[in-house]
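Before any questions on how it binds or moves, here is one chain, the form predicted alone, in structure tokens.
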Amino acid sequence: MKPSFAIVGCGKVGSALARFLTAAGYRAAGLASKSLSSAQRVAEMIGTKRFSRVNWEVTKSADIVFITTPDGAIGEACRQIAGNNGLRERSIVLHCSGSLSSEILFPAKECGASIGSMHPLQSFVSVEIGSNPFQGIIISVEGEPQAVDAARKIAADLGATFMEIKTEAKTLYHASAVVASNYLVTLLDLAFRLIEPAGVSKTDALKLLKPLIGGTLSNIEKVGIPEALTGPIERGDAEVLERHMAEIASKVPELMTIYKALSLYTIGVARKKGTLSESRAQMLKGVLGK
């Protein structure tokens, strides 16, 4: 028989966990949320009457407790549960924050629970759930051995791939995910703004650049970084770099700082690839004013 679970925080992640844990055979001990209507909505979704506004009312009988509140509320939710004897003996307590480590759950550990974090590397954009958002993704886990083992089984049951990370490096792990996801959006906005003066609309920009983006990702998958790097920095083409900067200064000067920063970082990637000589690298840095 699969373990029972409680969800504290019935937002996007909590809703998805409740639905697909239930589908995988886990038993709902209860659902709690600051908004009672949110807890009720999820309860109706999975067919249970066990929901409350009071966290420790639903966690007392759960084998596994998921705290899926916003990051700023995780510590307080855990303290409330622990302070009101809301955990059964040898239970597992997991939160799903990407930026916080399991250490924030220390009050639960003091109550005899095993603590950990279980972060799905996925964007959850709505509480309205279609297909399984965990299927085929990576779920990153850290914490105490019992919690890690439980999360390993949960990841497999959700159709995800398990990856264990180091507790002490959780914040840098999250910074990496932010760069890969959020800053990719920022980078594409930069690309769209640079191409707009050429008469290419944002809609057409995506059509134009999408094959290039896809090809680059494919090359990274095949040969890795830095081998996938191409372009003027990789070639040491100072003249092209100078022309870019002159046009940016003329037409979109507000983008110059970020363009220079990206170019400077790319020089380091090109040096790792081995195609850019030190003398050429210094020439490029001179063009960038470094």
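Keep in mind the model is a prediction, meaning the values are calculated, not measured. Just count from 1 along the sequence shown to find any residue number.
The discussion below concerns the form predicted in complex with a small molecule, not included here.
Taking non-hydrogen atoms only, residue 164 never approaches the small molecule to within 4.5 angstroms in the predicted bound form. Using a 4.5 angstroms limit between non-hydrogen atoms, residue 219 is distant from the small molecule in the predicted bound form. In the predicted bound form, residue 273 stays away from the small molecule, with no heavy atom inside 4.5 Å. Remark: residue 146 does not count among the residues lining the small molecule in the predicted bound form, judged by a heavy atom distance of 4.5 Å or less. Only one of 149 to 157, 177 to 185, 190 to 198, 93 to 101 lies within 4.5 Å of the small molecule in the predicted bound form by heavy atoms, and it is 93 to 101.
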